[in-house]
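Okay, so here's just one chain, in structure tokens, the form predicted alone.
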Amino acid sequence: MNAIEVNHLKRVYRAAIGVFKRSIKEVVAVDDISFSVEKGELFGLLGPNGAGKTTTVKMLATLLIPTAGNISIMGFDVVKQANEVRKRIGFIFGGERGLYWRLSAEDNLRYFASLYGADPEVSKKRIPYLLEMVGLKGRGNERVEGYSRGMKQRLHVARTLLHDPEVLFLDEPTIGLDPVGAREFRQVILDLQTEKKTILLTTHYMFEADALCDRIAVIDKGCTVALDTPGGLKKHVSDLSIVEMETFGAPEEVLNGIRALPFVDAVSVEDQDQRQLLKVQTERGAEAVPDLMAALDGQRVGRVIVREPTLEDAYVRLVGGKV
């Protein structure tokens, strides 16, 4: 039995629009998503903004009811047996909400343990263990309001593990963390795997997914477009090279001209202060550089490199250049 089974999942929102003449508009957030997650697996869910990642996680966590399709967690149906599912799951959404800042970390955990109905004697032993596991040993008696964002996120993990769930849902847990805090949090995620937890992770950071996940599902417009290991997904771009070009203020019409070139497979643009980093996928490799320079039409160009594709490049190809 797999830890998670998702079959032809769909979620439709109905929203009223208009002021005087009101009408109902249907928004399809999730259209047709299917995947399974093995016990003890760290599974990634990737997709552009609006692809349906968070909606999917909320349905898995029993916070939303699917419009169609079915989900089972550890063999229990998330709609018909929601209470049984909730005993076996924990979830973390990116951000700092969900803690009482004027209480200490230990007081927070004691309070949430009481909500879970945990035995007080068990909690006395488990709370110090969890604080040590997430790297907060010796800081448990401090008020949460004095914690850094990374420390608050680690306390979220400890809170989620109070009832020792078998399955964890982490929805963009490192968003907003500084590089050091994000790296420390990724180590916490890896440590959770040593406890044989099943983890479903959504993230916008491709290097994070590449480093952490056993398998990854890529979704776009509410549908699954690829499902494979990080190495398997990279094979989608094995025929390409990536030309990275540093530009300064290239207008949109110039960028669209590059996208229209017959030898260009996809283009993504990353804004970096006053600069833009163009990542051009092409089969021509270094031979494409002169034509790309010409297409920039006199725009100021800095560094230019040609490299092998990464998981991020495979993702860009799969979702049509959206990031």
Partner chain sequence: MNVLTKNLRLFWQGTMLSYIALFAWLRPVTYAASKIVMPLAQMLFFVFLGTYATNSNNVDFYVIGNAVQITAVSGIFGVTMSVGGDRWAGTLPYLFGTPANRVMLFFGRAFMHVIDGTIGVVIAFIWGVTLLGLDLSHTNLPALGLTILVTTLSTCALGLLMGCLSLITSNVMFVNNTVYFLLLIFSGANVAIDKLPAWMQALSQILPLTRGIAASRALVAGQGLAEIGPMLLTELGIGFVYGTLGYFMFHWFEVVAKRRGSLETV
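Keep in mind the model is a prediction, meaning the values are calculated, not measured. We call the rigid core the largest set of C-alpha positions that still match within 1.5 Å between the two forms. Positions refer to the first chain, counted from 1.
FYI, the form predicted in complex with its partner chain isn't displayed, but the following is about it.
Of the candidate stretches 225 to 233, 177 to 185, 114 to 122, 69 to 77, only 114 to 122 has residues with heavy atoms within 4.5 Å of its partner chain in the predicted bound form. Residue Arg97 is the only one of Arg149, Lys137, Lys196, Arg97 with a heavy atom lying within 4.5 Å of its partner chain in the predicted bound form. The partner is absent here, but in the predicted bound form a heavy atom of Arg110, alone among Arg126, His204, Arg110, Arg215, sits within 4.5 Å of its partner chain. Though the partner is left out of this view, Lys58 does reach within 4.5 Å of its partner chain in the predicted bound form, counting heavy atoms only.
For the chain shown alone, Asn83 is a contact residue for its partner chain in the predicted bound form, at least one non-hydrogen atom being within 4.5 angstroms.
Taking non-hydrogen atoms only, Ser268 never approaches its partner chain to within 4.5 angstroms in the predicted bound form.
Arg159 belongs to the set of residues with a heavy atom inside 4.5 Å of its partner chain in the predicted bound form.
In sequence order, Arg11, Tyr13 are the residues of 8 to 33 having a heavy atom within 4.5 Å of its partner chain in the predicted bound form; the partner itself is omitted from this view. Core-superposed comparison between this form and the one not shown: the CA of Leu103 exceeds or equals a 2 Å shift. Once both forms are fitted on their core, the CA shift for Ile305 between this form and the one not shown remains under 2 Å.
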